[in-house]
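Listed next as structure tokens is one chain, alone, in the form predicted alone.
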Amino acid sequence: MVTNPNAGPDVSVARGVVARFEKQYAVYRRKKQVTMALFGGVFALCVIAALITTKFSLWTLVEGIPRASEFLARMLPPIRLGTFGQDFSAWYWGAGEWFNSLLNTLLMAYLATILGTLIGGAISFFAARNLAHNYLVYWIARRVLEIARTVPDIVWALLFVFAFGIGPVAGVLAITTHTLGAQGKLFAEVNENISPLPLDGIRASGGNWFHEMRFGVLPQVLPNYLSYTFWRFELNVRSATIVGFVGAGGIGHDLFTAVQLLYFADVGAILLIIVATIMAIDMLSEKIRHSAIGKASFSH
């Protein structure tokens, strides 16, 4: 490289800085490549171990496709265009009872979502490291949320069915318990990402901890709270269906009965009702969420 002999000391210093940067960047690149190689190797080993442990086989999957197709075909009875009304009525012979069970499922999910969100939201303030000033309180809150969400809701349902008997009460309590654990975890992570500046201002003006939560935290986190709540309600509708398998009531009980009795057409009809309900809830919650955050008024 040809250098200018008249170059001043500033140019020499700049060249030295560039050389050091290139050297450090080369070291960083090598470390990153080694890290990515190690991660890729561990990832591949975990995939191989999972395939071996679960005995996953593409051939078994291919062999099972015809049987799955047969099962799906049996869930859809023949409906002819000329006799569509009669065939559809025969398929949904139990629509009145099923929709009544669906209403119970929706109410179970709704009540459990409200209770679980309120309780989990309250605990989330103590489970956020930047808001809980006492480490013992923070540690206890975290463990409570972990226990509540780690145990599957169907297991909670079994416990509450044993304690309170068969019926919607056990289902509501089971879904509420799991919801407060999940919502508390999500809300706590949202709380930990807030800006501390409003809290400093409230604290400087003489506000206490509750004032900080009410006027400093809630205005920042409410949009995320709302989004997670609608998402949780959608999950809880599915959970309310599943807990019905163990006697917690709702449309899940009708679905489980149809499966036990091998009434494939009834299984298909009930599953279509559940799928349509979930789709309607998703579209409705999206509109409400966009309206709440003002997105509905944005121009596209």
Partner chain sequence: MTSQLIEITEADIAEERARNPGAFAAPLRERMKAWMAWVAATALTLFCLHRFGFLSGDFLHGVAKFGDTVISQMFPPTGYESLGMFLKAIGETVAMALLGTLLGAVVALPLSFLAAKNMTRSRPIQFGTRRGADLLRSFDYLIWALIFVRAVGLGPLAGIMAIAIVEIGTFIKLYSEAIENLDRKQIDGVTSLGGNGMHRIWFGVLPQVLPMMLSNTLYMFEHNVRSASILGIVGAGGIGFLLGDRLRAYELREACLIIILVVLTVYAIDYLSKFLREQLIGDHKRREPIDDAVQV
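Please read all numbers here as calculations on a predicted model, not as lab measurements. Positions refer to the first chain, counted from 1. So that the term is clear: the rigid core is the largest set of C-alpha atoms that superpose within 1.5 Å between two forms.
This protein has a second form, the form predicted together with its partner chain, left out of what is shown; the following refers to that one.
**Prompt:** Quick one: does Ile278 come within 4.5 Å of its partner chain in the predicted complex, counting heavy atoms only?
**Reply:** The answer is yes: Ile278 has a heavy atom within 4.5 Å of its partner chain.
**Message:** Contact with its partner chain in the predicted complex for Thr229, defined as at least one heavy atom pair within 4.5 Å: yes or no?
**Reply:** No, Thr229 sits far enough from its partner chain in the predicted complex that none of its heavy atoms falls within 4.5 Å.
**Message:** Is Thr54 near its partner chain? Define near as a heavy atom within 4.5 Å, in the predicted complex.
**Reply:** Output for Thr54 is yes: heavy atoms within 4.5 Å of its partner chain.
**Message:** Is Asn100 near its partner chain? Define near as a heavy atom within 4.5 Å, in the predicted complex.
**Reply:** Asn100: contacts its partner chain in the predicted complex.
**Asked** Which listed residue (Val169, Ile194, Ile119, Ala95) meets the criterion of a heavy atom within 4.5 Å of its partner chain in the predicted complex?
**Response** If I apply the 4.5 Å criterion carefully, the residue I get is Val169.
**Asked** What is the one choice in Leu186, Leu180, Ala141, Ala132 with a heavy atom within 4.5 Å of its partner chain in the predicted complex?
**Response** Exactly one listed residue reaches within 4.5 Å, namely Leu186.
**Asked** Going through 55-89 from first to last, which residues have a non-hydrogen atom within 4.5 Å of its partner chain in the predicted complex?
**Response** Contacting residues: Phe56, Ser57, Thr60, Leu61, Gly64, Arg67, Ala68, Phe71.
**Asked** Would you say His211 moves its Cα by 2 Å or more between the shown form and the other one, aligning on the core?
**Response** Shift of 2 Å or more: no.
**Asked** With both forms fit on the core, is the shift of the CA atom of Val137 between the shown form and the other one 2 Å or larger?
**Response** Comparing the forms between the shown form and the other one, which are aligned on their rigid core, Val137 does not shift its C-alpha by 2 Å or more.
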